[in-house]
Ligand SMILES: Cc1ncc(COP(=O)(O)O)c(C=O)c1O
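Okay, so here's just one chain, in structure tokens, the form predicted alone.
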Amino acid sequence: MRKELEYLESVSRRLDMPADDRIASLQSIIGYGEEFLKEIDDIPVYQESPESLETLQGCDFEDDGKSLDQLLAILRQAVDSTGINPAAAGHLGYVPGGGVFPSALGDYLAAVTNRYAGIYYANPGAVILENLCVQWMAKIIGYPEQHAGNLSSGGSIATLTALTAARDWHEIKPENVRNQVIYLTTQTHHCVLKALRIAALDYSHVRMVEMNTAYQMDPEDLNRKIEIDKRAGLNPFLIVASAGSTDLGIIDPLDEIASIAKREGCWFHIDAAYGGFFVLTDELSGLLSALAKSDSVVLDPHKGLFLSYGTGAVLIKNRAAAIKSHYYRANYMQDAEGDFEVLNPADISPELTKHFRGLRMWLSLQLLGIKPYKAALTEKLLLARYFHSEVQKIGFKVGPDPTLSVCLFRISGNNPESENQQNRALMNAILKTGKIFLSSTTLDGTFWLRICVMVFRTHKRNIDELLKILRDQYETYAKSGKII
């Protein structure tokens, strides 16, 4: 056994790389990252290259390792040269983030030190650091000190955490779930419906509240539906509003909805994953002040703070409600018990094991300060308004005035079916340029092209580049009646 242990030790020691190998590997990784960032303006924003995936598919996991240079070559070909490049200035699709560089530094340190940020006992500093990030977010939206909050992997887990707290605080159980009513709109993000299903709240009645012409929840219809449900002996329990819908960037009338929720004793949840951090801007701080009136709110730092993907956040005003749903202890965790004033992230989330994701947020905000984030968010608002104004001058029809940084536009004519086909063709033509990535949506059967200005690298020159492409395409359409 002694010889076997010596042999196993000699092989397993490869996991602990020597200093020279670490330094050489870091130099290769840094070189790869720097090359990517240096060339980012020249890399196509969207690429379809399925043949490049063959190398990745053929890279089997084997007993012996491969060289880092070989693996980086595979990544360059199969991962970083295919699909969407979310870090690019020309990425104007969906609700992108961007990945400011300090977030990568934070992730490197989090991975190397491997600190556990779930329980105070395991690492007090890591837990306090994450809680400081949560407290700052609570402060900017106006939550009281005795809130609860957690940094999650994204808006979906954050939403599940909030709705589970709502369910348990209102004592929704199998025997009464079918008597509950939930109110939202067709513009509500699908992660809410997914969370309702996972939390078994889809057995409740889910009411789609009508919207006004700006696609905002209509408070009058919300009142009507609540009154009808109460007369039917049902229990209005949850209202979900949007502070930045995905399709249009719409902010629901939060103040009015909050008043209804308070009057009816409903839990008021706001999905502010996209729009919440615009509260930092002078333009929207007033409109978003009603975030403070919610019972729970979801924010995505990987959107509004331009951090790398995997950084969501949930804030719950009633700390006891959050703990009621998620607090649990097992025998093997008895050493972690203690009368700590600091709230454990693991006690208010489905996650026990979690990445120390707070370090990327804390380091980025501390290193750069809040000022450039405010400036970038304001710039994105103005860029969307600039595009909305300029694209009309070319001849395109536009959607509602941008509230946040989303803008809809389309070619408009007299034949709806032909129009939809031409707009699809226009989108494909734009994607083929490799310079701009945008997305589309369908509203009331009409196909719209959609931009969302949210990458921190996107500036006026990128919007002007898109406008030039659209101007050229529109001239072709005006002459021939079709997009080529």
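Model, not experiment: these values are computed from the prediction. Position 1 is the first residue in the sequence shown; the rest follow in order.
Quick note: we don't show the form predicted together with the ligand, though the next part is all about it.
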Item checked: the ligand contact at A273 in the predicted bound form, heavy atom, 4.5 Å -> yes
Check: in the predicted bound form, does T246 have a heavy atom within 4.5 Å of the ligand?
Finding: yes
Check: With the cut-off set at 4.5 Å between non-hydrogen atoms, does C191 touch the ligand in the predicted bound form?
Finding: yes
Margin query: At 4.5 Å between heavy atoms, is G155 in contact with the ligand in the predicted bound form?
Written below: yes
Checklist line | Proximity to the ligand in the predicted bound form, single hit among L160, I119, V95, A78 (heavy atom within 4.5 Å) | finding: V95
Next item on the list: Select from the listed residues H302, H91, R357, K380 the one whose heavy atoms reach within 4.5 Å of the ligand in the predicted bound form.
Entry: H302
Item checked: Candidate stretches 226-234, 273-281, 342-350, 208-216, one within 4.5 Å of the ligand in the predicted bound form by heavy atom -> 273-281
